[in-house]
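Just one chain follows, in the form predicted on its own, and it is written as structure tokens.
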Amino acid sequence: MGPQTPDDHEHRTATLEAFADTIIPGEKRSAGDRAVAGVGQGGGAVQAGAIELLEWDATGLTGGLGDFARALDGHATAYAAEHGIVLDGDVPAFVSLSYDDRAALVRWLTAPGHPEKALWVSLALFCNMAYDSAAHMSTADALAAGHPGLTAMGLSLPDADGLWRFRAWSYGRPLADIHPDTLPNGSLA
């Protein structure tokens, strides 16, 4: 496979954004946003950085993202033909589907017995990971930027020194005494 043109990259990104938005929907980023269907309130997987996480080499998926997008668009084209849906040629096939049709197609791709289930479930897991943990960035930076998933879960900001402390212990008391060799930063000497 040769180098991607900017249009190929934009096509791939739009398709993957539409997939991520199907997994955890968010609101449209602008009136002309086609990849994000706009069925959720607040930020969803796309706004949480799903594409940034998928493009992070640590995921192991980065090299195959173009293949994922092409396969998803191929499935969307077949789905549209089977259901009598006319696709808009101005956007990738999966992006052209309504949210309900995107969700139905993803349910089929991730259903028990589907031969590609493991691939699509892995892609969905990374979309969830972007929302649930902001794994592609530091937690403090994510919270400072208003990360939609972490803020929706009510994760508190760290103290001024960047450390999290829990003044109200879950059992109402510290669970152990601090080790005498503990440094001010919390590490052992």
Partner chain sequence: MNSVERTDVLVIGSGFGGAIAAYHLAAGGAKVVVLERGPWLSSGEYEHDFKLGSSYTRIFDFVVGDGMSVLGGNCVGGGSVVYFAAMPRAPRFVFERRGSIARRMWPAAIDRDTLDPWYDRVEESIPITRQGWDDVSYAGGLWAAACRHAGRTANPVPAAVDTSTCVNCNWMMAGCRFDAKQSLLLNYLPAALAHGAQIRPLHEVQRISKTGDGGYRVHYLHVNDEDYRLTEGSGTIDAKVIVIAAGAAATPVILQRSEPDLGPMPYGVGRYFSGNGERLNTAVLNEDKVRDVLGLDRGDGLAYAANQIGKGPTVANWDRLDGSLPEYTRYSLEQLYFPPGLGTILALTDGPDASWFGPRKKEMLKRWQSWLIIFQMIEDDNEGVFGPPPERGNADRLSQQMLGVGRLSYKPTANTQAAWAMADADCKDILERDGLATVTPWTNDLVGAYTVHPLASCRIGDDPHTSALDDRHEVRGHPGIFVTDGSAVPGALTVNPAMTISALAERAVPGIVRAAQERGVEVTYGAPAPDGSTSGRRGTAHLVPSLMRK
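Positions refer to the first chain, counted from 1. Nothing here was measured: the structure is a model prediction, and the numbers come from that model.
There is another form of the same protein, the form predicted in complex with the partner chain; it is not shown, and what comes next is about it.
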Subject >> Position in contact with the partner chain when the complex is considered in the model of the complex, options Ile51, Ala37, Ala124, Leu65, heavy atoms within 4.5 Å >> reply: Ala124
Subject >> Heavy atom within 4.5 Å of the partner chain in the model of the complex - residue from Ala103, Ala71, Ala78, Val91 >> reply: Ala103
Subject >> Three-residue site Met129, Leu155 and Leu163 fully in contact with the partner chain in the model of the complex at 4.5 Å by heavy atom >> reply: yes
**OP:** Would you check, heavy atoms only and a 4.5 Å threshold, whether Arg107 touches the partner chain in the model of the complex?
**Re:** yes
Original post:
Is there a heavy atom of Lys117 lying 4.5 Å or less from a heavy atom of the partner chain in the model of the complex?
Top reply: yes
**OP:** Although the partner chain is absent from this view, report whether Ile23 comes within 4.5 Å of it in the model of the complex, heavy atoms only.
**Re:** yes
Original post:
Is Ala58 close to the partner chain in the model of the complex, meaning a heavy atom pair under 4.5 Å apart or at it?
Top reply: yes
